[in-house]
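Coming up is one lone chain in structure tokens, specifically the form predicted on its own.
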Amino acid sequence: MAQIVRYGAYLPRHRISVKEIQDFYGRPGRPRSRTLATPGLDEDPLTMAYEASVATIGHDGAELGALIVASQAPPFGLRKFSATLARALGVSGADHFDLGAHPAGLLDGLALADALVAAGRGPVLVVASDHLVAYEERVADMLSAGGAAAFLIGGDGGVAELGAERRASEEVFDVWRLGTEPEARYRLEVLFGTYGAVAKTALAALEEATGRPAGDYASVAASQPHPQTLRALGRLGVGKEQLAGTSFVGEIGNLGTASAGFALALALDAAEAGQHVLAFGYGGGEGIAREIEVTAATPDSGAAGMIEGQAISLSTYYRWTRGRQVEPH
């Protein structure tokens, strides 16, 4: 199996209060997240991907065999995000792969990297970066936030080994976007139900393959589009302590494709050699569960220290984000 050699994460420092958004639009009820991690005017999924990549490989990507980028919000149309990022990093000679339109793209990226390394085409840098903007008050439901995470996958010398993976899916429409529509549509009740259903099937299949039930992992790093989705994992045997160090959606919002990646960085930062981490990605009716065994002391990516940010006003938030669902700034 391939190994995670190094990893890094990035969050923009700006935070907008979700309560301020709800109060402005007269939306009653408790905010589903305290704040949202908000990219500034000079930030987008490309710049965030760059920062997470540099935190992982520095400015030397000469040895990369491939670069994989997962994002639902690439900054350019009809261009390869991965190729643009490679040029920004000064990477030459690597193969480029884009994985789009799926919030669990990081787990797809790890599966592809695993195969590429096994075929002798590594090392592979897998990057997940996202900022899927919702319009006006709908941001209070989508919890649209931005962030990125990157993982260097190789054949040896790593800190964690990619273990067995199992998948489950249902044909549903929970969050989607049609053609040239400027923003996502969503059905939260479908999202909540399907997340739990496919997680149950995928985790049961992974337990059958590994002999390890969900409650036996040191921590669980999961996609978290909404706080309520994490409750579904609790009903499947995942304890609160397993999510305590990797849960952030109630603090900084939904990081989209980067959600599972940022959670995994948090989990690895706190892990010890010999422990096992469960990574779970969800998107579009599909759940992907993978076991990761920590084999050596892990570096501290500093992900936990990125969660607390700097408050911005509501007017600043909308000045920075209005129009981003139409075209990037």
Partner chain sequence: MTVSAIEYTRLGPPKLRLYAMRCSSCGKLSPWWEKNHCYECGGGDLTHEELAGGGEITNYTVVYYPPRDFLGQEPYVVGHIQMDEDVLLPAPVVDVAPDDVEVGTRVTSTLRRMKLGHEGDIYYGHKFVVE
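Note that the structure is predicted; figures quoted are calculated from it, not measured. Numbering follows the first chain given and starts at 1.
Beyond the structure shown, there is the form predicted together with the partner chain, which is absent from this document and is the topic of what follows.
Think of it this way: in the model of the complex, the partner chain has a heavy atom of just one of Ala104, Leu233, Val139, Leu89 within 4.5 Å, and the residue is Leu89. Exactly one listed residue, out of Gln228, Thr84, Thr210, Ser247, brings a non-hydrogen atom to within 4.5 Å of the partner chain in the model of the complex: Thr84. Partner contact region in the model of the complex: 68-76, out of 113-121, 155-163, 68-76, 189-197, criterion any non-hydrogen atom within 4.5 Å of the partner chain. Residue contact with the partner chain in the model of the complex: Asp42 places a heavy atom within 4.5 Å of it. Taking the partner from elsewhere, Ile57 is found to have every heavy atom lying beyond 4.5 Å of the partner chain in the model of the complex. In the model of the complex, the partner chain lies farther than 4.5 Å from every heavy atom of Gln275. In the model of the complex, no heavy atom of Arg15 sits within 4.5 Å of the partner chain.
Although the partner chain is not shown here, in the model of the complex the stretch 44-58 places heavy atoms of Asp44, Leu46, Thr47, Tyr50, Glu51 within 4.5 Å of it, in sequence order.
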